[in-house]
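The chain below stands alone, shown as structure tokens; this is the form predicted alone.
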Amino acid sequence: MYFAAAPGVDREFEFISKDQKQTAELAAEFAAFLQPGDVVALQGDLGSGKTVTARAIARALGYEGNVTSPTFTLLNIYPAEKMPVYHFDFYRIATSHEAVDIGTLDYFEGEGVCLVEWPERVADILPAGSYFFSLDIPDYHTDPDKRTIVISRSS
């Protein structure tokens, strides 16, 4: 068990994950705290584990299908048992205006959970109270599977 209590607005959690399995376990436990309308900004470089995290959250919420990064489609929708999961990837957009134009704000205020890869491209439209699930590879050359994961929440 990774969390003694739900992540709060004033609390930041930091974890060290030794591999993808631990990253997925942490993400699945984190998913238990998510509510409809929550936005989770998945931060990290290419290959840091954003899609592993999204997959684990979707699975924890009851989605059994394939979970892939929506790099070219911008949005994948997973009709999970507990609530829908809206998985965005904004790597290929230039401004947050493009995200607004595709209706992102409607999803942010919707009935499901929004997972946002490359959130720095839409930082100005992320709602207050968004979670930040940040993944970093501190020792890429000596331990490429290890991740430092920080979970926080905006005010």
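As the structure is a computational prediction, the values presented were derived from the model and not from experiment. So that there is no doubt, residue numbering starts at 1 and follows the sequence shown.
Below: the form predicted together with a small molecule, not depicted.
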With a 4.5 Å heavy atom cut-off to the small molecule in the predicted bound form, the contacting stretch among 124-132, 30-38, 102-110, 48-56 is 48-56
Does the small molecule get within 4.5 angstroms of any non-hydrogen atom of residue 145 in the predicted bound form? yes
Could you confirm whether residue 11 comes within 4.5 Å of the small molecule in the predicted bound form, counting heavy atoms only? no
May I ask you to check whether residue 141 falls inside a 4.5 Å heavy atom distance of the small molecule in the predicted bound form? no
is_contact(residue 19, the small molecule) in the predicted bound form, heavy atom dist at most 4.5 Å: yes
